[in-house]
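Here we start with a single chain on its own, the form predicted on its own, put down as structure tokens.
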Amino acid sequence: MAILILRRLVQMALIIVVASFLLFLIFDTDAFKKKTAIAELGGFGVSSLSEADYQKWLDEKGLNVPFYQRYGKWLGDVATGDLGRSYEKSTAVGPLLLDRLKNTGILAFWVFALMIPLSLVTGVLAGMREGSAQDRTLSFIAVFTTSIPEIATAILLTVIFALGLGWLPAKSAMIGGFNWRQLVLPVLTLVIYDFGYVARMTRASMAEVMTSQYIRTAVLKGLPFRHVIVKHALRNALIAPFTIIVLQLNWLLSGVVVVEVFFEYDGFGKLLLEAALFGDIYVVQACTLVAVVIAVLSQIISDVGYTILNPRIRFA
């Protein structure tokens, strides 16, 4: 197990290094550097910059040195938490990104806290009696909720609970402090959209396990059906959904863009969209790097967790 984890960590480090190199290569072009220079020296209202001023800016920033020196300096800055400065918000990117990631983390915590038990219970109930009316009903609900785009769900929930009943705020902008009511609509939107996908994966895994020989043997021995489900089928059926659930971290980073922008929730997705539209290069660069790290980290957690849950792989 220790060797597997070490191997995965080495792979993670290599992937991050390669991804950071490609990311730096993209943003190290003259077009991006000139745009950054214009933003820093003249502001985004200025459309051009003299060549002399541009060269002077390159010298001051140490960007006239060879590529490998620029890349090494950038890696050193990233390692120390210096991710540049946001010209749109006039603040350092590091603290800004950390604050937005914290907000998205709060959102993600409640999404997973609701979505995981709901989707697992739904999938298990559907898969343990494949082809039954219970299976068809739950499968229809799962497919139906997943087929509705997040923006449509967000609009529908807003019309019902905010504009119609007036129970919840229509926007989640953190003005005057933070309260739980601001989270309800964004969390419900993400849970409704995503729970069906995980439930369908769980249902497929449970249905496959229920056709296994050891399950048939347990039933023929006269064991109570509930005992067969809980003691024999459930653990094996949850192996595949575990990896799917962990990989939802990647989906959440991209999926929250629509939800956070619609509800004006100050999180990672809203920050990334604003930076991309405004041309805030350092923020886009930092957000991309964070997304790569989270994607690689979630894959490692998924691999290690799958190995722990499946002894056939662990002792292979």
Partner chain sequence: MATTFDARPAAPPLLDRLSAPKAVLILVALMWVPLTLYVMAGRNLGVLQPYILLPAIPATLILYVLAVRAWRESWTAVIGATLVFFWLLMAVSAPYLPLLDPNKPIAPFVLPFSHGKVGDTFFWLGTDFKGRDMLSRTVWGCQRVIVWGVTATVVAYVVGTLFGLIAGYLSGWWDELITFFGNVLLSFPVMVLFIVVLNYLGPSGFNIVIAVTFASAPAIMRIVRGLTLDIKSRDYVFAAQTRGERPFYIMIFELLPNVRGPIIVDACLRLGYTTVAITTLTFLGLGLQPPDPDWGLMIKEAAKTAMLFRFSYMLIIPALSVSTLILGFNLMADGLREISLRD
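Think of the rigid core as the biggest set of C-alphas that the two forms share within 1.5 Å after superposition. Please read all numbers here as calculations on a predicted model, not as lab measurements. Numbering follows the first chain given and starts at 1.
Below, we turn to the form predicted together with its partner chain, even though it does not appear here.
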Let me know the one among F109, W167, F140, W180 whose heavy atoms come within 4.5 Å of its partner chain in the model of the complex, would you? F140
Please state whether every one of the three residues I26, V159 and A276 places a non-hydrogen atom within 4.5 angstroms of its partner chain in the model of the complex. yes
Which of 150 to 158, 69 to 77, 181 to 189, 116 to 124 sits within 4.5 Å of its partner chain in the model of the complex, heavy atom basis: 150 to 158
Within 4.5 Å, heavy atoms only: does V304 come near its partner chain in the model of the complex? no
Heavy atom of A133 within 4.5 Å of its partner chain in the model of the complex: no
Even though its partner chain is not shown here, does F32 get within 4.5 Å of it in the model of the complex, heavy atoms only? yes
Taking its partner chain as it sits in the model of the complex, is A295 in contact with it (heavy atom to heavy atom, 4.5 Å or less)? yes
Superposing on the rigid core, do we see a C-alpha displacement of 2 Å or more at F32 between the shown form and the other one? yes
M12 C-alpha moves between the shown form and the other one by 2 Å or more, core aligned: yes
